[in-house]
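First, one chain by itself: the form predicted on its own, in structure tokens.
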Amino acid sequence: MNPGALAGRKVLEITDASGAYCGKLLADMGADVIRIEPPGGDPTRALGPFFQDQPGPDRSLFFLYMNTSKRGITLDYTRPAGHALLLKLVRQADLVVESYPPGFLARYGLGYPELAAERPGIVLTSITGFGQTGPHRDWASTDLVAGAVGGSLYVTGEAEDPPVSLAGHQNHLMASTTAAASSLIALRHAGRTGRGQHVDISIQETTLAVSHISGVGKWLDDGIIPRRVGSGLTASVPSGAYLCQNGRVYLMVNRPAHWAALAQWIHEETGNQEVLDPLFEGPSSRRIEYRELLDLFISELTERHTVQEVFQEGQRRHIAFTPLFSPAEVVRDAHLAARNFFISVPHAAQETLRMPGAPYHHDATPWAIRRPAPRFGEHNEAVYCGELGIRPDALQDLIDQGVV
């Protein structure tokens, strides 16, 4: 197997569910990511759903996916012996990723100044709900809270109904992706200057920043505050889920040229002359007040066709139509199969799991899942004895004391 782009980099990961994907992105690109769990086990091992619906420390599908290619050790670094071991690991590392509340690590002598004293080039990336500074830094956060204060709940759902949370852990995933990219920038700087830095990732700020749909971009561009409009978007008009003969497709129209192409298609198939009115031309903001009328025009087109017909012809005309698939249909999708997107990964029970594969492709330094998620304490001996030089009997003493 060819080395990944981050081969030779060593990362220590001390995160909860909000930061696990950051380490996965780095590990699958070749970095040696060591996930540090408390001796009692990582709480994310108890997150369902579970492999074959059977709970267990090595059966959480969340944990099994989010921790591919990583090694795993146990350590209580809040105790003096554990503190010393973590600093030894830091001396061999390039990056530490953590997601504790602001000030938690500093309370135990493990803040950025202490880590930099051990290794000046170390990069510390902290992922928190509201960042390391500011009036909200000590507020508790979850993925749901991040969606609420970051704006995504405000624009998701029917206008007359309560807000709807995004599926999965999308706010945490966006923050983890931002953390991974920011960490690489900091590592490049450290490589050039020999000086590390503290990377501060606010999940709320990331949620606000990454999406024009729920952020402040629409206000800055057009003076419009996005709100809930069912399956559609204020930032993209027309948009939403439209019924076909055998399912639904999703549409987004963002640019004047996209609307012109769609209007022409509607006119060709239905004979609708009104859809070509210059009143509807231009940016999305000009079409907001006509959303319901335009939905009728579009439905008249889509209901004449199957999902695949709308999708294929829409692609040919450079219109952003996409099928709305169930999870089972996603797994069977011909395009994803042709791209070999789903891959088989070994599982601790001597079986394999099918899971999403490469999010991007590099020719010379390919992405790859190099090992399955670590079992509880799987690499304690390799790391503590093989790399830190601790005698096996001394390691056993640390285990008996609850330090490892």
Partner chain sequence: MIESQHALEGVRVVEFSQGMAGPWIGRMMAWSGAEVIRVESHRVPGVVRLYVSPHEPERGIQPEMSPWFTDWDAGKQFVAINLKNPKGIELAKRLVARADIVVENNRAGAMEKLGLGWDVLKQINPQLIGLSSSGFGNHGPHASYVTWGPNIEAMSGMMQMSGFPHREGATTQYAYPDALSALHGLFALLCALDHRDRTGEGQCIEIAQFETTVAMLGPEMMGQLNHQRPPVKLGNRSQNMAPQGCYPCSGDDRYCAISIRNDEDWKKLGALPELGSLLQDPELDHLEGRKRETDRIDQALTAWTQARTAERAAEELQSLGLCAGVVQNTEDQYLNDSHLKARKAFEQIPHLKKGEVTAVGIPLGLTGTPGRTTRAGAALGEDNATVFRDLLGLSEAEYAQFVEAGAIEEDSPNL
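Take the two forms, find the largest set of C-alpha atoms that superpose within 1.5 Å, and that set is the rigid core. Not measured: the values here are computed from a predicted model. Residue numbers count along the first chain shown, from 1.
Missing here is the form predicted together with the partner chain; even so, the following discussion is about that form.
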Partner proximity in the predicted complex: F130 to the partner chain, non-hydrogen atom cutoff 4.5 Å
yes
Would G109 count as a contact of the partner chain in the predicted complex, using a 4.5 angstroms cut-off between non-hydrogen atoms?
no
4.5 angstroms heavy atom contact with the partner chain in the predicted complex for E160
yes
Report whether the minimum heavy atom distance between R375 and the partner chain in the predicted complex is within 4.5 Å.
no
When the partner chain is placed as it is in the predicted complex, are S152, T322 and A338 each within 4.5 Å of it, taking any non-hydrogen atom of the residue?
yes
Per contact check vs the partner chain in the predicted complex (non-hydrogen atom within 4.5 angstroms), the hit among 282-290, 261-269, 74-82, 114-122 is 282-290
Heavy atom contacts to the partner chain in the predicted complex at 4.5 Å, residues of 377-401 in sequence order:
none
Could you tell me whether the Cα atom of F311 shifts by at least 2 Å between the shown form and the other one after core superposition?
yes
Classify A117 as shifted (yes) or not shifted (no) between the shown form and the other one, where shifted means its C-alpha moves by 2 Å or more with the rigid core superposed.
no
